[in-house]
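Take a look at this one chain, the form predicted on its own, written out in structure tokens.
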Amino acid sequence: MPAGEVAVVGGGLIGLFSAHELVERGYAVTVLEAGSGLGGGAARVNGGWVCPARSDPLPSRDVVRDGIRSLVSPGSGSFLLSARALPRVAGYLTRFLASSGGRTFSRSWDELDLLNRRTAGLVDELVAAGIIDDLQDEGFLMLHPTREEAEASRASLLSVSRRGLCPAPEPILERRALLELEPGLGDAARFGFVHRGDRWLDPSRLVDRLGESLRSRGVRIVENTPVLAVRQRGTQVELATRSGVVETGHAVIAAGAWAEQLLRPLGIRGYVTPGKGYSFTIHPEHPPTHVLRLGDTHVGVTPMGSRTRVVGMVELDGTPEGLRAGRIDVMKRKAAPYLTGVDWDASTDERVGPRPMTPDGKPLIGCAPGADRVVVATGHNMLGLSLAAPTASLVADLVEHGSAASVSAFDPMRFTRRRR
């Protein structure tokens, strides 16, 4: 097959955005998806937030504290660890702890902004092209039970605004003014404020529209085809599948939470670990018109047309799949004081999706060692939708120019070299 052909491994957000950008640059693209449809993993079940202003890396002292606390009290915090899974995730957690210090956290955030600063413009291009048709920007409504908590939250976002990715948050409102914005708020929503700059959409609709757009432009999408191994041989790349070997000019590994099994044989220890996120749909009497962030519960509520989605949690139990109903119950208990007119027992579409977590909160984007025709693009943690468009642009640069286009901050070999 000619060098102008690229196989993208994975039909999630990173894979689909990468396929879109590669087609735009004139490549013939095949998407190989392990599942029975596009958008497996976390692509369809996330909060739908395009949020460069909220793209700080996960490893921090607060998250470490939540994880330790969850071992003693499983219903607390938002970063949940399973004691049984500790041996399986020990390598990830060791490096996670090392990345949670103040200087490392700040450096990682600065490096993530290398991608974040391009998000808004690239997403606007997709809107102009008609691929994204439901982007909302009414603002995020930050809700808190006390003025003190609201002031601390606003001060934090004011500091974030100085990074240049969002405007300053609006003034704090008391309950009467909040109810004018959102009549369905519960008693816990005593103080709050609107923060603009981040936007949202229905991620499942986005997956469908990307798939339709790619097919209409000649992209071959092959489902139910897990890729078992990727290797470069001269100017060709071979992808082993159960039905045979696929040969192509370049390959992009965008396999999300399942990427590690393809990276290790290439000499990359990325420590990509599944972090399970939960979501479900509620049917409020007064559906919200803003994204709602519910105090320090780490639970968010997103309006998606006729649906209202509740999202939250990162669970590390060593597996990419398997919904635990108790996690949904915890989210409901945390969210209930902030909303009225909701029959929590009537929730629908309860889902879990594995996010591809890395120890330092940054994705792995770059060429495989000694294999410039194999591009790695995974490990986007909880930021896949926000970082998908700029990641796709970098992926296309790497396909065109090889390792000369690499950005050291996202080097897939960074943990492998430290280990050695």
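Given the structure is predicted, the values throughout are model-derived calculations rather than measurements. For every residue, the number given is its place in the sequence shown, counted from 1.
FYI, the form predicted in complex with a small molecule isn't displayed, but the following is about it.
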{"property": "Distance check, Pro390 to the small molecule in the model of the complex, heavy atom within 4.5 Å", "result": "no"}
{"property": "4.5 angstroms heavy atom contact with the small molecule in the model of the complex for Ile365", "result": "no"}
{"property": "Contact flag, Tyr338 vs the small molecule in the model of the complex, heavy atom cut 4.5 Å", "result": "no"}
{"property": "Tyr278 within 4.5 Å of the small molecule in the model of the complex, heavy atoms", "result": "yes"}
{"property": "Segment that reaches the small molecule in the model of the complex - one of 365-373, 57-65, 382-390, 22-30, heavy atoms within 4.5 Å", "result": "382-390"}
{"property": "Interface residue in the model of the complex among Pro226, Pro265, Gly186, Pro287, criterion: non-hydrogen atom within 4.5 angstroms of the small molecule", "result": "Pro226"}
{"property": "The small molecule in the model of the complex: contacted by all of Met142, Gly192 and Gly300, heavy atom 4.5 Å", "result": "no"}
